[in-house]
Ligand code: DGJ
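Have a look below at one chain only, the form predicted alone, in structure tokens format.
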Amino acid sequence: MSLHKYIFVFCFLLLTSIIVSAQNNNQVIRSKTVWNDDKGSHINAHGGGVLFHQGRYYWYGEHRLPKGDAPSGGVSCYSSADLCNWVNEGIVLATTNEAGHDLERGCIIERPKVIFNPITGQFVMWFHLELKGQGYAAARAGVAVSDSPTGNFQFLRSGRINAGVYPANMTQEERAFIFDNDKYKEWWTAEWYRAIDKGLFVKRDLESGQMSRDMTLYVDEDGKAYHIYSSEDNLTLHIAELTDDYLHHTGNYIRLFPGGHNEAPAIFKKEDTYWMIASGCTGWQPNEARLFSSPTMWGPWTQHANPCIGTDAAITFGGQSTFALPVEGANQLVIFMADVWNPDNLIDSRYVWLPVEFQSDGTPTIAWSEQWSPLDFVVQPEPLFSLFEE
């Protein structure tokens, strides 16, 4: 590139930065405080995830209704250019008053995540769905699509996962083992745990399909997409491969840490290692984060110590993991996203977003910070004086 082009690019970036700074007076992230959108309303996008598409971030989350109303109002979307100032794009997947519909008002929609499929040109949303009036018994995965990141999303279907298919890492001996179910009516015994490890609940749900609750999505560098979810009555995580259009499961899936009580998975990759942060199962109350790593999506997965550091690290700063966001244009910045749940008024639940730091051995840690700015991680343009040295 010639000198005058370098100067033009530099001046353009500088001017853009000035304009952005003038337009936005908020360039910091303050966890646990009220985050308002462009209309001055508290951002209502809980249990969410963020998609980066064509220079803009799209944050999808649970649209919770005021206390005393229905559990869910659908899925909301907010967009931003800087991760600090958010525009309310509205509800992009709504519940309906149609009786008997999977999304009938009164259902529970949780943990929505959206990925873009470059082959079909569609935005694909997966979420955890519980049917109206059934509590948390349905344990379904729902899927919807849109031609635009801001919707509206068209609901396709919901259901259990991988019916009639055994996990790839379940041995032939385990598949052939016949359980005497009368022996396992009492939960939490040592014998019951051993049966869970060998696939007791996998077999229980084999015909109907595996349960799917707290979940996330991950698209790998080769374009393969994965659905990671808490299954087997929240006892065991599953990683399931999606088809090339991201709309179905291929039938290839594995179990992780049977009986480990892991939920709320968030996954990211650093160099040649996949990292997953999850939580224990303590209802709405926070607990200590769990950290896992693997050289491949298919394992072997290894558990590590709690990655959190600082105030309230033992309870994940009062939050529960929901997503890990690699930030475009930043110096290896990954944002750990978590929800500080308020079960008495879920619409008022707050957010914890913190930068993930990597130690010399590559292990990620998350340190508490009252406030921080994504701008601190932006890759700066080459200094002007260096351009003249050429």
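Heads up: residue numbers just count along the shown sequence, starting at 1. Keep in mind the model is a prediction, meaning the values are calculated, not measured.
The same protein also has a form predicted in complex with this ligand, omitted here; what follows describes it.
message: Contact with this ligand in the predicted bound form for F179, defined as at least one heavy atom pair within 4.5 Å: yes or no?
response: So F179 does not count as contacting this ligand.
message: Whether W187 contacts this ligand in the predicted bound form should be assessed with a 4.5 Å heavy atom distance threshold; does it?
response: W187: no, not in contact with this ligand in the predicted bound form.
- prompt: Do G100 and this ligand share at least one heavy atom pair within 4.5 Å in the predicted bound form?
  reply: It does not: once this ligand is placed as it appears in the predicted bound form, G100 has no heavy atom within 4.5 Å of it.
- request: Answer with yes or no whether G283 is in contact with this ligand in the predicted bound form, where contact means some heavy atom within 4.5 Å.
  value: Although this ligand is absent here, G283 would touch it in the predicted bound form, with heavy atoms inside 4.5 Å.
message: Given the stretches 154 to 162, 238 to 246, 203 to 211, 110 to 118, which is the single one in contact with this ligand in the predicted bound form, using a heavy atom cutoff of 4.5 Å?
response: That would be stretch 110 to 118.
- request: Could you list the residues in 285 to 320 that come within 4.5 Å of this ligand in the predicted bound form, counting only heavy atoms and keeping sequence order?
  value: Stretch hits: a single one, Q320.
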